[in-house]
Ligand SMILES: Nc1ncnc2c1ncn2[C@@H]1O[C@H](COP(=O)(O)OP(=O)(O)OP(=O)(O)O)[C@@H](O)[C@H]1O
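One chain comes next, on its own, written as structure tokens: the form predicted alone.
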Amino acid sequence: MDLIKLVSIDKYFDKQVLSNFSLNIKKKEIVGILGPSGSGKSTLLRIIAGLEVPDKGEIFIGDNCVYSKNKFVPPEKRNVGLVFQDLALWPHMSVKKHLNFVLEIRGISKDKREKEIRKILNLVNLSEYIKSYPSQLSGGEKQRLAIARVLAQNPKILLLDEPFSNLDPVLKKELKKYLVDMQKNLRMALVYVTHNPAEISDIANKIVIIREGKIIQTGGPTEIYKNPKNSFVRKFLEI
């Protein structure tokens, strides 16, 4: 079953950023969106999340149309979580308050919030940092807090925009394993945007390579590496 369905999406800013872009993502898939800077990767995530509005096309999440010519479902009603590249953590809030704020907005009672906070922090291995502030956390811990805050929204879909771009190789490896385990436990779709093939090729079920707002090739990692469609894909993957 397709959890996300994009149909003929166009998006313009000063120029066309996405062109006739169609993509299906299934439930429980890990999908890597790969492409050079300026290819439209981040715009694509923002369109799925509802933070940008396409100029043309349709978007479905599950059986529900969330965007068409005559319809727009706002971000808060899409059940989609987006972790930004800059994380956007709140420096004046502790780890606990980051999650409590989101749960309170969802209307979760105080007693249930306490249980949910501990459950989420245990899931992301941050339980011992419940009273810490972002300035007291390492780079990897900040990444996990950003993910925890999104998980507090209880999304069906988790979108990650270059989440590991500022981390060293050891932390990247650790967090990738964490993401795979978390995704399996929560049975959600995970869409991961990056310009670095090495960050996603070992954990993705599907890789989508885009250039100038268009899909160049889609397939499993083994398929794409063995059969690159053209010289651009070959060069981009450094085969």
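No experiment lies behind these values; they were computed from the predicted model shown. Note that residue numbering follows the sequence shown and begins at 1.
This protein has a second form, the form predicted in complex with the ligand, left out of what is shown; the following refers to that one.
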property	result
Partner-proximal stretch of 55-63, 170-178, 198-206, 39-47 relative to the ligand in the model of the complex, 4.5 angstroms, heavy atom	39-47
is_contact(S94, the ligand) in the model of the complex, heavy atom dist at most 4.5 Å	no
Distance check, E162 to the ligand in the model of the complex, heavy atom within 4.5 Å	yes
N125: touches the ligand in the model of the complex, heavy atom cutoff 4.5 angstroms	no
Partner proximity in the model of the complex: K226 to the ligand, non-hydrogen atom cutoff 4.5 Å	no
The ligand: the contacting residue among S132, Q85, N100, Q153 in the model of the complex [heavy atom, 4.5 Å]	Q85
